[in-house]
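Presented below, as structure tokens, is a lone chain in the form predicted on its own.
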Amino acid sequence: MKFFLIGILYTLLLLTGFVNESKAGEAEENRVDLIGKVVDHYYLDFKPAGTIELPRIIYDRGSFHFYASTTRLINKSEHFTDAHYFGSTDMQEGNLKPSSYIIVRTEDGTAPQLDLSITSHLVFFWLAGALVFIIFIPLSRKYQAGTGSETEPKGALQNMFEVLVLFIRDEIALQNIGPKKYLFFTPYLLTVFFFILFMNFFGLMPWGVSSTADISVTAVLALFTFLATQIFASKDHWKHIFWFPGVPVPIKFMLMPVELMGLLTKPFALCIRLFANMASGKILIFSILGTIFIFSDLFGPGVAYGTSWIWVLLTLFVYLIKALVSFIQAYVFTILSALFIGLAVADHSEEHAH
């Protein structure tokens, strides 16, 4: 019941945002930028309450340039200006509204060397990491003190997370990596699971952002799994890539590029799967809600209001499915990481002897 009420509240907030943006001005022609709801921004969006611009940090020609916001950078900077911007932002009374600008040098219009600005995805990325520390450092201290290790766990929080921790340790790490090495990789798998889970759930919150809807975030996560797989891989793993045992020599040369390609396709699949699922969910939610305004343009406000309850209920259903998908995608990324690690660290010498 609690999740149902939260879903209704979130749907109403989304509707409020649509109504607010649909009245933003004639220049917008009552259109909503769906992609702009998912892409990264240099501000935090709390519409209709407003936005909070984030600091811009530019490194160029041997020096750092710090600006409190994009608006200040565009209006005050002598070094940089905007080439163009993304989203539904426009000029109002001579002041630039916050948006995702492309920053270029004022003198020649070329891009600066490095843009280290803080973005909305980065903020929620940090929040997810901070939440992992806030929850699990106190829990680890409890176990070190004996609560949960020598006695029964105490409190709903410890019991809830112990179920998840034991599941990942026993059903994912142990089953896929094996009894000899699973404990070494369990901390990494736990961190990946909860880190992704928290980022996914942030995207379900009103005004929240899912950092896993950014392909650069999922690419970094997949890169860490790839590094863990290759750094700790056994000799037998590399033998199966560069000199596959038990097959004729000509076949070995044919299998080598296939196996090398397999090394890259595994992290690529991890990256794209998580990114696509999390990005598409929010776009789908806004697309369904946008049907109300499409009906209003095509058939008039009466039809739009009369059918709005259908789209609201369908949006709520998709929202609940997205909550389930958020958990499933964290699980899938973790179990595939464990599977890839397990295949790399396994020693197949006994199998070959047999």
Partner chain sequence: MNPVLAQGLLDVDFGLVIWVAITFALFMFLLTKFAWKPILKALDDREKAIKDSLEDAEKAKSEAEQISTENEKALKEIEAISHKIRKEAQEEADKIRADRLEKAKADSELLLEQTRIAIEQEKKQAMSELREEVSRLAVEAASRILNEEIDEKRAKSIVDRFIKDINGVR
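None of these values were measured; they are calculated from a predicted model. Positions refer to the first chain, counted from 1.
Although not depicted, the form predicted in complex with its partner chain is the subject of the following passage.
Across the options 235-243, 248-256, 71-79, 136-144, residues that bring heavy atoms within 4.5 Å of its partner chain in the model of the complex belong to 136-144. Heavy atoms of residue 116 reach within 4.5 Å of its partner chain in the model of the complex, making it an interface residue.
With a 4.5 Å cutoff on heavy atoms, residue 216 counts as touching its partner chain in the model of the complex.
Although the partner is absent from this view, residue 221 contacts its partner chain in the model of the complex, with a non-hydrogen atom inside 4.5 angstroms. Among residues of the shown chain, residue 42 is one whose heavy atoms approach its partner chain to within 4.5 Å in the model of the complex. In terms of contact with its partner chain in the model of the complex, the residue from 294, 57, 321, 313 that brings a heavy atom within 4.5 Å is 57. Contact here is defined as any heavy atom lying within 4.5 Å of its partner chain in the model of the complex, and by that definition not a single one of 202, 290 and 334 is a contact residue.
Contact residues in stretch 144-180 (any heavy atom within 4.5 Å of its partner chain, taken in the model of the complex) are 144, 148, 149, 151, 153, 162, 165, 166, 169.
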